[in-house]
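A single chain comes next, written as structure tokens; it is the form predicted alone.
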Amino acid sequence: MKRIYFDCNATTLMKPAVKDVVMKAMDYPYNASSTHKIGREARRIIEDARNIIAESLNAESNNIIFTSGATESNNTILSTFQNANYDIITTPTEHPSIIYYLKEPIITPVLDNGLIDLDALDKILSERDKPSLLSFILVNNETGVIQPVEEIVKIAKKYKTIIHLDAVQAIGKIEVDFKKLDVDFISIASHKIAGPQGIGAIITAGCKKEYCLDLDLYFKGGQQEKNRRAGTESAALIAGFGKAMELAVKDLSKFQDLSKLRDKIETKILEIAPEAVIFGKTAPRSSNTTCVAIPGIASMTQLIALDLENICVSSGSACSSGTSVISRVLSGMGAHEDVSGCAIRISLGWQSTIEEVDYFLQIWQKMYNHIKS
């Protein structure tokens, strides 16, 4: 059997049309800061991609700032408000680029299904005596749990709280309309939507009455990105990002059909192993993600057994892989380490097939029976 890649929440296989756009943009030494013809062509490529992303997410193109990816986007936003002495409220189930960046975050709890505890959030925000920023992930990278943004925003706006939404895992999986979300900032990344690695973006709502902070410049130097992010823009990566965004929105319904494959995986695993725990199962989830634990069978044991059969899955966030640390996300949901230490994440992608799922289940059952015996 060919190698099966079920780790698409870590990074995705680039779509052929995206690869074509990237390669074509590498034919010339593009630098959009140059004023000659090739420089102007580079600028056109970048602005075309910016406009595609803006149109796809119902945002203003002049409020899109290209970055190197989700980590830089998240860090930049958090740095700005942390340095301005805002209270930063977040959850225990955030991506490492959020939770490990903050110095003294105020943690609002989640329920055991991964959804933010709205009553607790309301109480925490009501107790703030200085300006606050609420930062949370829209679609969780480990469990696929989708937060109820409308209800969360309603509570936050009641206390005039600024809102940052990590939408990196949401694009192409659920509808993302920036204006409808009514948040102040979102972070996005190309390689989560079948685009190239090394490119992401911040989308802002612009300067508002309640705040008008310039984002901290992580990179100082030239005046690229309207003096909001120094460094020569990569025309090739940005062009690929634009194409990937266009296809992600166009192919949204196809991606959501992956729920049939996800449900087949979960049904069969529960049939084979009734003791299995599927995290976030009672909450709305993205169509491609299953986070499942088999008590008594360590995550690493499962990963190695599957890898020997050419099946790629993970034990949680790729940004924390390679460590023996128990998943913060699952611990934040109240899972005991005896269970969270036995969890694997299966995340499907646009290229996933029923044949691959059937083979995975065959190998998974073989692994389970062998270990249990």
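Please read all numbers here as calculations on a predicted model, not as lab measurements. In this text, residue numbers run from 1 along the sequence as written.
Not pictured, yet referred to below: the form predicted together with a small molecule.
Interface residue in the predicted complex among Leu57, Ile311, Leu348, Ala70, criterion: non-hydrogen atom within 4.5 angstroms of the small molecule: Looking at Leu57, Ile311, Leu348, Ala70 one by one, just Ala70 meets the 4.5 Å heavy-atom criterion.
With the small molecule left out of view, choose which of Lys243, Arg285, Arg229, Lys192 has a non-hydrogen atom within 4.5 angstroms of it in the predicted complex. Comparing distances to the small molecule in the predicted complex, the residue within 4.5 Å is Lys192.
Within 4.5 Å, heavy atoms only, one stretch in 92-100, 150-158, 109-117, 286-294 touches the small molecule in the predicted complex. Which? Careful reading of the contacts points to 92-100.
Answer yes if any heavy atom of Ala248 is within 4.5 Å of a heavy atom of the small molecule in the predicted complex; otherwise answer no. No, no contact at 4.5 Å.
Contact between Gln169 and the small molecule in the predicted complex at 4.5 Å, heavy atoms? Although the small molecule is absent here, Gln169 would touch it in the predicted complex, with heavy atoms inside 4.5 Å.
For Asn74, is any heavy atom within 4.5 Å of the small molecule in the predicted complex, or not? Contact with the small molecule, yes.
Residue-level contact is defined here as any heavy atom of the residue lying within 4.5 Å of the small molecule in the predicted complex; does Ile137 satisfy this criterion? Yes, Ile137 lies within 4.5 Å of the small molecule in the predicted complex.
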